[in-house]
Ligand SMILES: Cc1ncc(COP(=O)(O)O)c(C=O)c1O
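Form predicted on its own, single chain, as structure tokens, below.
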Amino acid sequence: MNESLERLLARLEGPMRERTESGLERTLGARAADDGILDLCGNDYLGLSRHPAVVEGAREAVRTWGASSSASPLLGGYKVLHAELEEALCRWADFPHGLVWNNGFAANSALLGTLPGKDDVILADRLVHASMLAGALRSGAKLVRFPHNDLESLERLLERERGVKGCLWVATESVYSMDGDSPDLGRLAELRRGHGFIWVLDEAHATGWHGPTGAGLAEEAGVGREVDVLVGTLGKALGSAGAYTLLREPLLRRTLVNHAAEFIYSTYLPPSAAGAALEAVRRARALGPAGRAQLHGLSRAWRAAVGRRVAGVPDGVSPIIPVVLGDTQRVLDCAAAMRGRGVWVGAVRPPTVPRGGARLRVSLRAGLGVAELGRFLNALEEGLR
């Protein structure tokens, strides 16, 4: 072993030992295709990842286009199928321009890392995804984070930054991934009209679950036209893989195509993912308001049932239910006991959530019934003992 490698390993050993001893080390566990587990951990909110029509969409794309796009988008990887997906997403959310990405992290990081400049100010909710923060920090813009969903604090910051030399940006999510809660999008739209900022809204966890056509919470709140850039993913409710940005101004899309490294220098999204996503968009739209009302009722019922056993379960209708236990080891032990009973929930610990906020993250999906709720509650009670 050479001297530089020895120094590297010595440098890494301490932080990893500390993480392991504090119960915060992340490890990988490979799952079988059909393990019989009641999966309440993933984000397949509409249950589309195994829907026959969505699977057939992927197969047809492979038969037509092959298993890989085989190139970066600017060197032939961008296929007619990708363009069709962009157009379908734009029609769905009523945006004129769109761009498909390999994954959600790349979409957010590229967006906020490429478009803001050094004279700009980005105001971001304290709990926005790490991908947004990565891009904002790379951009050279001034990044200011406001307390979670505290729009009064945001308004004060907007007043303070009114004379910014460059552009003013506000970055929020519509449904937050660890708490399953939402900001007041109507109030955010009012603030945008009053202060003229560029609004970037991440709808990753709202797509399919919210809105008359499932386009997201901005559609449900009637503020879609106020959003300048909407970010969504194809790998959650749409059961595929990849992500998208929808944009009001064509120059923003052109700039990303020409300057976003995440888009330019990577083999593009495989045709199978695009084909599956196209069919999933059709299925999500076809669910309709009545279908989404059933999903919201499912969320209320599960929250009420869990709340009778664990204090502090928040009200809401999103597919994400946080069961905050606080202590990291208790969360790990509870999740392990539940897996032993055939139920998989997320065990989320710092630094993903704040210290003292360790939790079970329960992800709902269409098709869950009374039997699944009973199975989950029995496993939860076992885990909490």
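What you are looking at is a predicted structure, and each value in this text was computed from that prediction instead of being measured. Start at 1 with the first residue shown and count on from there.
Form predicted in complex with this ligand: not shown, discussed below.
Enquirer: Can you work out whether this ligand is within 4.5 angstroms of a heavy atom in all three of 104, 131 and 236 in the predicted complex?
Expert: Contact check passed for all of 104, 131 and 236.
Enquirer: Which residue, 180, 242, 113, 270, has a heavy atom that falls within 4.5 Å of this ligand in the predicted complex?
Expert: Looking at the other structure, the residue within range turns out to be 242.
Enquirer: Scan 89, 217, 158, 204 and let me know which has any heavy atom within 4.5 Å of this ligand in the predicted complex.
Expert: Only one option qualifies, and that one is 204.
Enquirer: In terms of non-hydrogen atoms within 4.5 angstroms, which of the given stretches 257-265, 169-177, 282-290, 150-158 touches this ligand in the predicted complex?
Expert: It is 169-177 that comes within 4.5 Å of the partner.
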